[in-house]
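Following this are structure 1 and structure 2, which are two forms of one protein chain, each written alone as structure tokens.
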Structure 1
Amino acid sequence: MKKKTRDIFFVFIAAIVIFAVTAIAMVFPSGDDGFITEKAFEGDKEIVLTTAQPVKNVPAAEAFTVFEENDPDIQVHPQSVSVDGKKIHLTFSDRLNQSNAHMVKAPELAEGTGPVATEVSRSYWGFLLSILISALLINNYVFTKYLGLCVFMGTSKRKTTATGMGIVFTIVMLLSAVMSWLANRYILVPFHLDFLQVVVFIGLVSLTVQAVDTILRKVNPILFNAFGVFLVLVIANCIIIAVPLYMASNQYNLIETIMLALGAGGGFLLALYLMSSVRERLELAQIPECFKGLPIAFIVAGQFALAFLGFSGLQIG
């Protein structure tokens, strides 16, 4: 009963976190650019502009110019423009890279308003949620990037072992990612020591594991005895070094780094729990002798990887 209660508790906490982030994203509205009161991406090929007053005379599609803010030399024009009251729909023939902000320029849309130039970007809270969900499901480090397979295969035989490993890994992942961001932001980048990122990040991971090990040993010996064996395995998990490197290459800030670490840790915990659930049932199944052990485990992992391909292309925010 305690085990089921604990599993329900973890699912409940995860649901609360996702709900809170989504609610905050809905509370904060878009900025106001005068005549353009709201602007947002709609789907993957459309931009919707909301104006302060109805637009009667809309210029042709060629009159609108759109480009990514960090690449103004490549300009595109919408394929079609339609008006629905105060909403202007700009539809494009190709998908828009919504990870970057876009600038939309247009001539005068209403008398006395002047030319329009506004920036369109995804909600920042939606962007944070996309980082979390991407690391958790869409780009799961185990099933889509095939990282950490040695620890994954070794600790996914039992649910209790898998859950313990996933919890410890998430805690260490979060602490080491924050320390790596601080070191990269205030030491490596200012002093042009980027080439030392791998060495420094590995050292910080080892330091974090040793600190957690020491704290648990002194504060809670019972918890230390339960998790102590997993702490050593965390250092050998390549996911824990991949996350800081990904953070550094994308120049994430601290909040984005925390969301990435939580998503990566939660994704590893999810992968371990799913795999351990299946492997426990496989012990009761009639499997050919040549497939018992790791062979059938790799087959199951491959099937999970195929299932997680269903999340590819998912966009949030």
Structure 2
Amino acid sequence: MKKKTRDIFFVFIAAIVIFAVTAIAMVFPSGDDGFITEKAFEGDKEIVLTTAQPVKNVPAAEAFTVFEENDPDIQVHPQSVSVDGKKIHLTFSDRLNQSNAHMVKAPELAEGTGPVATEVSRSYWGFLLSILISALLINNYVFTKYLGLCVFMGTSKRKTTATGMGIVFTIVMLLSAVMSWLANRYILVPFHLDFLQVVVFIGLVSLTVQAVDTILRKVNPILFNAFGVFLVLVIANCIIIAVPLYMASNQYNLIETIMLALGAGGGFLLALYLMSSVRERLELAQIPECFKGLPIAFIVAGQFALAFLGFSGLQIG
């Protein structure tokens, strides 16, 4: 039984990651605009361009002009340019503000290719991945945003219940986030009804829970017997309402919303799994009488939270 739970857990986490990666890969085939095949920021002060052919005419640093998308009147030149095969490294004296897109202009780098004008920004791929990883680890809803604790404490006693809760939660999260996005994008925003967000989002969550409940009961009663109890708990979990609110305030698009929902659900599952692994062992440990039960669980959760603080500031993409 124990092994099976672990298998379910890992299969599910793997499914989330694979789904996310394929979704991103399908929507965004790798970019290619002629001579420059890849461009990216590297470190704080560097831009790296990858070219289709080896660079023949290496221009001086002054020949490159770089400016932020919104500041074409303030142009800077790299401090130094180094070429290594197909890679051109532009190093700058000041830190680049990487949250803005940078335009790079340069004269012809190889014969017959024409002058270069390209835009460098943090890749969208990386941005999507960063939403996922951020919701999963850096801003884990349980350990760094302190949400969903009631359900978290209630269902993390056994690995089996923990995994079940986590999976049901992720599925409902995904469905309700997509519905909330639709409602927000096509009803609330166009009609300036933002102040109804809370009512609409919680209504959609109840609706999703009810729908999953009914469908599961009819389609797969065995699965319903295993997971049905968790469905009621989903609605008492503040993460389920926090995610749509966060999505609305950040004006995410549909794919970004899906990433956020997957990250939040997966993060909850991860937190539950970690916690239940510890709490199963805690039962065998000798704990002072007054610490038994919830108090020690909170202290363990605090230690996890401290550990998760270490993810803070992790940079992706």
Partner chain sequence: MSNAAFKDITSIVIRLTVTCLLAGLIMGWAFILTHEGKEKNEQLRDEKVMYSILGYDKSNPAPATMAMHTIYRYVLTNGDSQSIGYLLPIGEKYGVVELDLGGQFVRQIPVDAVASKLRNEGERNSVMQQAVGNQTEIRYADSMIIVTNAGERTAYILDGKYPGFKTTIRVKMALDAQFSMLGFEVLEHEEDPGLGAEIVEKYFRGQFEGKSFEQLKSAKVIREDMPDDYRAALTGKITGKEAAEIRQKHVGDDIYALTGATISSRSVLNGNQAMVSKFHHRMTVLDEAIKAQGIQTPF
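Quick note, the numbers are simply positions in structure 1, starting from 1. Note that the structure is predicted; figures quoted are calculated from it, not measured. Heads up, when I say rigid core I mean the largest set of C-alphas that superpose within 1.5 Å between the two forms.
Structure 1 derives from the form predicted on its own, whereas structure 2 comes from the other one. Domain motion between structure 1 and structure 2: the smaller of two rigid parts turns 30° against the larger, based on C-alpha superpositions. We note a C-alpha movement of 2.4 Å at G43 between structure 1 and structure 2, with the rigid core held in register. For F64, the displacement of the CA atom between structure 1 and structure 2, after superposition on the rigid core, amounts to 10.3 Å.
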